[in-house]
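Only one chain is shown below, in structure tokens, and it's the form predicted on its own.
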């Protein structure tokens, strides 16, 4: 029965939120910043100093073992390698100081009150966290949509008198002279974006994190997605840090580790236009302190509310129950580094997907997210005049009810008439939409008088608005993605045979698994979940062998297929580009600019209708999918390093299948 294992999303009780800015608006910020701060720590520990921590790292068995190993391999004296390790640690380590935290508490209070209407936090989540921090080593895993995220996390934990986290930050922040040092003093430790085969670096880094975690000095915080999502969709999780924090548990050095997913949802993202430009290939500004002050113009804007949801702590022990045999770690001494076995890698990967999925499920969606989805669909339907406010409101109420049936965590104020909810959303996002004569449309026309622009420049300036809107629409995709894959599968299959529909669903799901968070190996489960939701909302009837669409189901199916359409068309065009335009010497580096040129040409002739395919994120994901499916290969070594070798026959057939022209490739092994 498909309902098994799907808790009815409507019944899921969500915690209540408290606005932490309310108190800040009524009492002194200085008193708040200087108040007595005494967080409870793990097993009542006394916190250790930064220098004690460094000593522990430098004397750890694992580091000494690797230093000897590197010394033998390179013939360098151990003292030299030891001092190299000290230099790495010096560059990396945090120097958490309460005075800096107090400075941030004061300044951020001023900034947040100016920028945001409210910062809402689920209090029950905070209470759960308070309890957990005292009982187990804790890893905080916030979603990552903005630079604000980690300042916000520390600010909230300080507000609630919780232990401040140590935070993994990218090296690029260290370049911001003053700010970099201040971040370091407020708990950030800095890591290189990639450290290839550098054994010494990897060991210093992993020992540093593990010692902090094992001894419970502070919660360790990092972003599972590895980098900010420019598209507001969750990114495929990166496993490096998760492997490190799981290690002490797997080796039996701690009894358990609590992983706490945190979902941060912004009603309006500070970097919205910046991200859109970045996705269109207009380079991003380097992180610099002066850039930060130029960003002060931002302070005169209103960014609505933020919701921060601290999820249910997930125990590493319960994730591993029945899945991991930890006795394999008894065979070698703990301090000898070893590559995790395939079973362990699968386990960590699966855990990462589950954690990102729970981040997604607790993202609070604002009404604007639904409006952005509807406005994009209206705009693509060639609706030149825009849509009447009344019609948009009717569509929004319909979509609100549908999302709730699908279990979306929607923050739609029910005590206010829908027309008011819609108009206040539109006015908050007036940089993206305009309302004139009772009609709403995206703000695509350049200001008056229109500057002289080439058609290409005009297209790119339109694209900035479309991609900004799409980043809000993307926030609701996780609610609909499984059902949208099923709707598109039904659309592409001629009959109503369940097995054929499942094959088409599996094909699409596999194709888009770099684009959305779809847990490896869970296609049958996802198919059942999609069937369950569409039966529950009276769109489908699912029988043993057949899937039938009800009379009232057509509107929902049309909405769902059009949500996936830009991605389908984008991937199809990437395939076409590779077959028609790709030269022998096309490298991965040249791929995005070349595809962009190809897409711009086809958008200008009107052959392509979705401007959002210009997003470099979609183009890179499509390439990643083709590499994963073996339709394109990346050559290694020598002069050909990074050159793409295209299997034209396979790419062609993928393009056809995406266009629904052919039955899906050989039925997949999984039978229903």
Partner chain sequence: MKWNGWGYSDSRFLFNKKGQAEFTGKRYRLSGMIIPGLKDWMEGTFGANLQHKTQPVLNTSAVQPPMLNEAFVEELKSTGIPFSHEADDRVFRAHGHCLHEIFALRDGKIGRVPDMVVWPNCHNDVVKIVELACKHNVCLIPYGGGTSVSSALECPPEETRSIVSLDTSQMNRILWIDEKNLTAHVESGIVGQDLERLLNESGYCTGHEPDSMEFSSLGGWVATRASGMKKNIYGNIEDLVVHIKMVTPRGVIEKSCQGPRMSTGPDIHHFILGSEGLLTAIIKILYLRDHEKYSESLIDMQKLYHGLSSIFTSFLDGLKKFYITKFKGFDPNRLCVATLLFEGAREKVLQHEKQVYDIAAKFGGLAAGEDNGQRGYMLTFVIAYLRDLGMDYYVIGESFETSVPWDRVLDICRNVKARIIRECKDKGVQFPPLSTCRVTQTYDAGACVYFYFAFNYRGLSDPVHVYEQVEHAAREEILANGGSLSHHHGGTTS
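Residue numbers count along the first chain shown, from 1. Given the structure is predicted, the values throughout are model-derived calculations rather than measurements.
A second form of this protein, the form predicted together with its partner chain, is not displayed here; the remarks below concern that form.
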Work out which of 583, 436, 302, 332 lies within 4.5 Å of its partner chain in the predicted bound form, going by heavy atoms.
-> 332
Though its partner chain is not shown, can you say which of 455, 593, 413, 252 has a heavy atom within 4.5 Å of it in the predicted bound form?
-> 252
State yes or no: in the predicted bound form, is some non-hydrogen atom of residue 544 no more than 4.5 angstroms from a non-hydrogen atom of its partner chain?
-> no
Any of the heavy atoms of residue 136 lying within 4.5 Å of its partner chain in the predicted bound form?
-> yes
4.5 Å heavy atom contact, residue 117 to its partner chain in the predicted bound form = no
Is there a heavy atom of residue 317 no more than 4.5 Å from a heavy atom of its partner chain in the predicted bound form?
-> yes
Determine which one of 182-190, 491-499, 253-261, 236-244 lies within 4.5 Å of its partner chain in the predicted bound form, judging by heavy atom distances; exactly one does.
-> 253-261
